[in-house]
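This document opens with one chain alone, in structure tokens, the form predicted alone.
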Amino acid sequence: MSDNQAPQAPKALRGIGNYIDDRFHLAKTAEKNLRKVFPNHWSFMLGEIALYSFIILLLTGVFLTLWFNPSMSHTVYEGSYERLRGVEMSEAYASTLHITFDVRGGLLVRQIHHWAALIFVASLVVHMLRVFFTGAFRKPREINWLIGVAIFSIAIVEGLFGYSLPDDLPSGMGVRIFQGVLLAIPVIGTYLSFFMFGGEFPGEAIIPRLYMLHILLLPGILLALIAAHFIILWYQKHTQYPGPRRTEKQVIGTPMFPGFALKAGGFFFFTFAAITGLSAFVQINPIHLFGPFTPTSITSGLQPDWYMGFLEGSLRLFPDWFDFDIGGYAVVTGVLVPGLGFMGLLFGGLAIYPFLEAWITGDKRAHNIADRPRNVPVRTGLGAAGITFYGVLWLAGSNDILSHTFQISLFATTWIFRIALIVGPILAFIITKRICLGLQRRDRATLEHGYESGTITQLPGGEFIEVHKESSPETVEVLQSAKYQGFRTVPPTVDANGVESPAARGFLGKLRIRLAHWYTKDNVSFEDVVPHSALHGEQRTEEKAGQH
């Protein structure tokens, strides 16, 4: 074979390839897809962490199902753990202890499964924040954003159900809270509770039913949604950050094969290694220390998995001042609003935001270049406010521990968090927006005058000035992207003849005009900025010298 000849695959593989291609004609399609380019940026790997964590969850979940017994039938434990030997418990809890102490590698696999679940939800959250702050949810990716919101919401429910399966004391208390939220639903709450539990709490049916949902229905839905998410992503292309030669129709990055495929494969094993390392050295959910669940026992100082902390905090903070009766049916707002209302606000707000922003700004363009968060300060401020709101609720879920640790009364910590829940997001919005506007002004100055070089020059007239140097082409390209990001125009209220625009008529039209003005009024304009260059700088120096 000559040096210029491309290496050929082994004869056996060529035969298999030709056999498949003769029947399905996949060669051209495969070649095109293997050359598909993916942009390079570390933040794009956040979604990959979620995918790899989900794969690890599936693998470890299959292992655990071989030994877990989803039954609430009573038994007396006779296993290896001496402290619980002779204690009456459910078959579910006994089988979990059996996996932990008697199945080789069982404790490690349990730990891997639990850590993978926590990292799966965490990476989903951070990935969605990246998509939100960079505007990657805009046209044509609104459907993929909705799929992501659905994956996030189902992942939380899936985690709650999995956390409840061992039937130890903390998981039993979580199921009890779940039942209380169901009972708070007016009229149908009691029926839903009896249906889920097969009678009075705790009953004998809840663990088998949660098990079926946890290992079959919800994972199947998640798998379908994740597959749809990646199919749409593949078809629509990945967003990319602004930079040289990067346009709405041209992607700069690494081809799928071999570069991106090798990088993705290596990152999967890195993620697996990190989760396994955490599982080996950092204990989580030691169910053998808590004992079996009994309705008469309570936990103290224990917290749910982190992604349920906001729900715990909302239940602790919301008062019962607004409870009322309708026709003899109690409406327990102290449980209903924080238990379901805040979750509806979170997921509903995430789902509706892309369409709300498009309506306010009138932006119907397709976007493949991601925004810099500073260039859309209102969106960034709203995101910071949402994070603050969520964070306050999350911290409030441990108000008893904070009260005990810092020797503050529980009543005082509750009121501190109630006030912070209202004041905190407002302050976060204002501060974040001001920071973004300050960064915009600095970017404009850098684009217009270059960056400070640290070199001081004395002019003929005696004046000392600092020489500004020309920014790199990459920096100029990124800074100039602000011209095309954000929205600085308010829809006109009248046409050329002074007649009121149809879009500005009526309540919704006037509301949209005001929201668009609020959304865009403070943005720094980059339209008239001429990028600084070396020649530009010399001309300015000469002009200053001439003035003296």
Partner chain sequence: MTDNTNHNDADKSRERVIGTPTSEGATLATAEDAPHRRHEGPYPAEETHVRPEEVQRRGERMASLWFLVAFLAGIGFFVSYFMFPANSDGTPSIADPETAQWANMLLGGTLALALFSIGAGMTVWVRRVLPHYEVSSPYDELPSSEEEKSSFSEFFMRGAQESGILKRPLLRRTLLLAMVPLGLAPVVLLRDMGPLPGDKLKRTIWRDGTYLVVEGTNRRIRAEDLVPGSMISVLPEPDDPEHGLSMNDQAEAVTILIKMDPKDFGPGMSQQQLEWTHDGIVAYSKVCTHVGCPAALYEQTTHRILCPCHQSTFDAANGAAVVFGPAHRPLPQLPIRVDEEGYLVAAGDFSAPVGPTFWDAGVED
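Numbering follows the first chain given and starts at 1. Small disclaimer: the values here were computed from a predicted structure and weren't measured.
We do not show the form predicted in complex with the partner chain, though everything after this point is about it.
- In the model of the complex, no heavy atom of residue 457 sits within 4.5 Å of the partner chain.
- For residue 505, no non-hydrogen atom is located within 4.5 Å of the partner chain in the model of the complex, even though that partner is not displayed.
- Of the heavy atoms in residue 104, some are within 4.5 Å of the partner chain in the model of the complex.
- With a 4.5 Å cutoff on heavy atoms, residue 37 counts as touching the partner chain in the model of the complex.
- For a residue to qualify, one of its non-hydrogen atoms must sit within 4.5 Å of the partner chain in the model of the complex; all three of 270, 330 and 400 qualify.
- For the options 451, 230, 194, 390, the residue carrying a heavy atom within 4.5 angstroms of the partner chain in the model of the complex is 194.
- When the partner chain is considered in the model of the complex, only one residue from 122, 177, 445, 129 comes within 4.5 Å through any heavy atom, namely 177.
- Look at 460-468, 153-161, 377-385, 414-422: in the model of the complex, residues with non-hydrogen atoms within 4.5 angstroms of the partner chain sit in 414-422.
- Contacts with the partner chain in the model of the complex, taken as any heavy atom within 4.5 Å, map to no residue of 143-165.
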